[in-house]
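A single chain comes next, written as structure tokens; it is the form predicted on its own.
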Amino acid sequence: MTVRAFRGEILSVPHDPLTNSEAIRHDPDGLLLVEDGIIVARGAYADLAPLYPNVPVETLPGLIVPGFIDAHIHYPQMDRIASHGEQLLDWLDRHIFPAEKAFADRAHADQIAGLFLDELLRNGTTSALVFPTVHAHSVDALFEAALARNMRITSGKVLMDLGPEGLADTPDSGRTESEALIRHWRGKGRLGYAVTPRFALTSSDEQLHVAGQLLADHPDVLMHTHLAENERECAEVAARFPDAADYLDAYDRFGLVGDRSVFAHGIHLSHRACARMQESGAGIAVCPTSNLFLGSGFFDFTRAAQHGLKIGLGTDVGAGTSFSMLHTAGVAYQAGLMRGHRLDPFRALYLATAGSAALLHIEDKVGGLLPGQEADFIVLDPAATPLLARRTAGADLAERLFALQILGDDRAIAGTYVMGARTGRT
């Protein structure tokens, strides 16, 4: 049994500040007690330290916050980040599908999976919902690398029987391979599975029906796909499903809209779709850097709040332009302001941690730095750069946090801890 204590300024936002006036938990001089990777106590140092006199205490300078939780990211697209010149559908054809075909080689998948997870950890991300490719072994490669790093990763084989040559499965092979992956990886480490149709245009009706059956047959898995990201995409979905009320309804008719459904983007949603999403318990992974980079639009935080939608934050690398959830939170603020919404820095932290955890159904495990949760946390350095140091000198907590989100990136991650152990990737 290993017991450790960490002292420092501790901040978490376990609940949504929009709906909970006591959502912010701040210990200016706090103590986090960790036993075998689990938080067993948290509070003021002066109160807790006398109760554990024989436990060694590590003092961490900076701001201790939960490890970031990326609610939508593509590991096979890592090498195509910052690819020039196209909006979504043309960008996929020109840059992404050729890169994903390379994952037919298991050795290539293994190499990228390790590099990808190390980059997450370097940026303070300890949990993520990850798109692999259509190749079943791309999931194996990612999960094996995640087990080696003790990370909380959810993923699942991409279903796309209408994909291009070299990236297409079939309804039968998609079902068989998904079932085998679920059986093999269920219950291992900190891993989770997600049924993953790429998006409505890359799966036949038969395969979307298979996806719905997989979701119904396995109540412990998520459903992960894309929704209403780009105007041309939305128009093509409307043409493909003329009887559907809207894009969300195209998924709904196959049983893919429920409380375990995570939809990336959701920029171009009708009020009907928002109401249905709220009713179903489905949620949205908001991906602001990707939406800006591909010219897709700006997420409507105000409408989401009006409908009480469950949302989290995702980098969406490689359309997203940074692995940093700090940077992503900063761009979310700017994107929100384009539609008149001023995203509070504490709510931005919530979306990058406990909000994404709730979206991924792991809020009991991570995201709040609460007793009983796993001790995934990071240390933010408000003086990581000369400009940050100058901007945060003498600033209050909200100002420091906002400056970190606007000016911070991987350099501001002073340390990443997984289950109470510091990783070697920071």
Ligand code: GUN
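For every residue, the number given is its place in the sequence shown, counted from 1. None of these values were measured; they are calculated from a predicted model.
What follows is about the form predicted in complex with the ligand, which we do not show.
Chemist: Which is the contacting stretch out of 173-181, 234-242, 302-310, 315-323, given heavy atoms within 4.5 Å of the ligand in the model of the complex?
Modeler: Contact-bearing stretch, as computed: 315-323.
Chemist: With heavy atoms only and a cut-off of 4.5 Å, decide whether R198 touches the ligand in the model of the complex.
Modeler: So R198 counts as contacting the ligand.
Chemist: Consider L294 of the chain shown here, and say whether it contacts the ligand in the model of the complex, taking contact as heavy atoms within 4.5 Å.
Modeler: Yes, L294 is a contact residue.
Chemist: Is there a heavy atom of T289 lying 4.5 Å or less from a heavy atom of the ligand in the model of the complex?
Modeler: Looking in the model of the complex, residue contacts with the ligand do not include T289, since no heavy atom lies within 4.5 Å.
Chemist: Hey, in the model of the complex, is A250 touching the ligand, heavy atoms inside 4.5 Å?
Modeler: Because no heavy atom of A250 falls inside 4.5 Å of the ligand in the model of the complex, the answer is no.
Chemist: Quick check on this chain: which one of F103, Y333, W91, F346 has a heavy atom within 4.5 Å of the ligand in the model of the complex?
Modeler: Filtering the options by heavy-atom distance leaves W91.
Chemist: Just to confirm, with a 4.5 Å cut-off on non-hydrogen atoms, which of H327, R152, H135, H226 contacts the ligand in the model of the complex?
Modeler: After the contact test, the surviving option is H226.
Chemist: At a 4.5 angstroms cut-off on non-hydrogen atoms, which residues of 254-273 are near the ligand in the model of the complex? List them in order.
Modeler: Read in sequence order, the lone residue that approaches the ligand (within 4.5 Å, in the model of the complex) is H265.
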